[in-house]
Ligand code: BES
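First comes one chain, alone, set out as structure tokens in the form predicted on its own.
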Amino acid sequence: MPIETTASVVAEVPDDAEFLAVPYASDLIPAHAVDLHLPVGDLLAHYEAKGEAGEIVEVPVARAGGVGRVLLYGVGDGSPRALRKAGAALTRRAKGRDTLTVVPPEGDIAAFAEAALLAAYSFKIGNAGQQSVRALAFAGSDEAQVRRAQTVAQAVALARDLSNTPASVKNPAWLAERAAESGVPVRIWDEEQLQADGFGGILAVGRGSASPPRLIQLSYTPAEPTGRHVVLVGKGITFDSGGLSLKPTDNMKTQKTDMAGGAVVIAVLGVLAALGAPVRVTGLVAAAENMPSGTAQRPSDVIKHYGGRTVEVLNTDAEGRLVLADALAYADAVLDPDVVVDIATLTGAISVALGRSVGAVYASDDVLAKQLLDAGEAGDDRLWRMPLIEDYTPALESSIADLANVEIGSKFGAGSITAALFLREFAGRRPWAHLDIAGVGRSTVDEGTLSKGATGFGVRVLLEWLTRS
């Protein structure tokens, strides 16, 4: 569901603010000259406050008709990362309240407000759990920064919602319908059109399901384009059982979020106009449900991708690269972009390499890699560049097809790297990057800006990059 907490800007702190948040720095001095009629220094000393980001001292104060609260919140060194931590902590402390009036800190108000809103996100089917604070009122803030924060946070929330929706509701056709609600032009290939146009990878992965696959194309053109054309490609596996290479039960429990990359693409395309992105962007979401049945593809099958390249399928649970390969080949042959970026919950191996806090970026172009790394740092979707090791390309060799979708045996290992090398084969010679978000696309904790379930990782880095371009 969209974030229900609203954000607004008020000119000054109301005299009767029932719930008021005021920042203080590491020197334990309030960061704004707000007369609280409180011995702030003595209170912070009493509570042994240190001024760390996210630290909160709650003080009861007399208000007409009752008792209010002042939240003295630490902002650490005032960096964007510290402000994000502080903003998220405030929203979590204010759960169940009607309005939290916030005296904003010095620095990046957009980062602070965005984190405060993201911490209010929840996905519920029913009415369980405590409600988030209903409204955040930022006193004296830059309205444009707060508005941008709300736009970005709602885009992240949409990506989370799409990913968190159970597979009993969500299938490729449902995902296509949600894309059609994004506010940009959308083209959808059904199974018959996919067959006619030769999208063999998407069709093969979707063969085992009663819900046929889809290819979804979204298009954004700015009023005054710069001339650059970017294609974003997202993996849209609405449920991944592994197919005939069946996953263990525990591994299947999170697989409704295996279309997180596709959700990011839909969410990003939907807000580019609101953020004034200057580049033309096309989004492709390769959507299928990977299920075992009498019609499912088998290990040892050979499929023909868009453009004619053949692949021997040695593991049906390595399906994400098969649907992405079709979309990448189509982008290269038909859309003629200046740059291509794909995003996918692609490999468990990347979780081993980078854990659950940092996403992976593979890139064929150094300039593109740096742009994405910088955008990830600025947008708080942190990335680490991983190598495309040429010595590992023999892992993709097949004796009967152009490529194999996984390595036979374990001579090379490095499953995330070999998956990226596979995708590179279909991306053409233009600048290309691959974001493997399998580790960061899901959260196991309610903490900071994250809630259990889908994280929406990738929305902020791509929006930061595209609006900088």
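The shown structure was predicted, so the numbers you read here are calculated from the model rather than taken from an experiment. Start at 1 and count along the sequence shown; that's the residue number.
What comes next is about the form predicted in complex with the ligand, which does not appear here.
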Let me know the one among L346, L232, V311, A325 whose heavy atoms come within 4.5 Å of the ligand in the model of the complex, would you?
L346
Sole residue of S79, Q131, T393, Q255 within 4.5 Å of the ligand in the model of the complex, by heavy atom:
Q255
Answer yes if any heavy atom of V406 is within 4.5 Å of a heavy atom of the ligand in the model of the complex; otherwise answer no.
yes
Proximity of K247 to the ligand in the model of the complex, heavy atoms at 4.5 Å
yes
Can you check whether S219 is within 4.5 Å of the ligand in the model of the complex, heavy atom basis?
no
Please tell me whether any heavy atom belonging to D317 falls inside 4.5 Å of a heavy atom of the ligand, as the geometry stands in the model of the complex.
yes
Can you tell me which of 233 to 241, 67 to 75, 91 to 99, 106 to 114 lies within 4.5 Å of the ligand in the model of the complex, counting heavy atoms only?
233 to 241
Applying a 4.5 angstroms cut-off on non-hydrogen atoms, the residues of 421 to 452 near the ligand in the model of the complex are A438
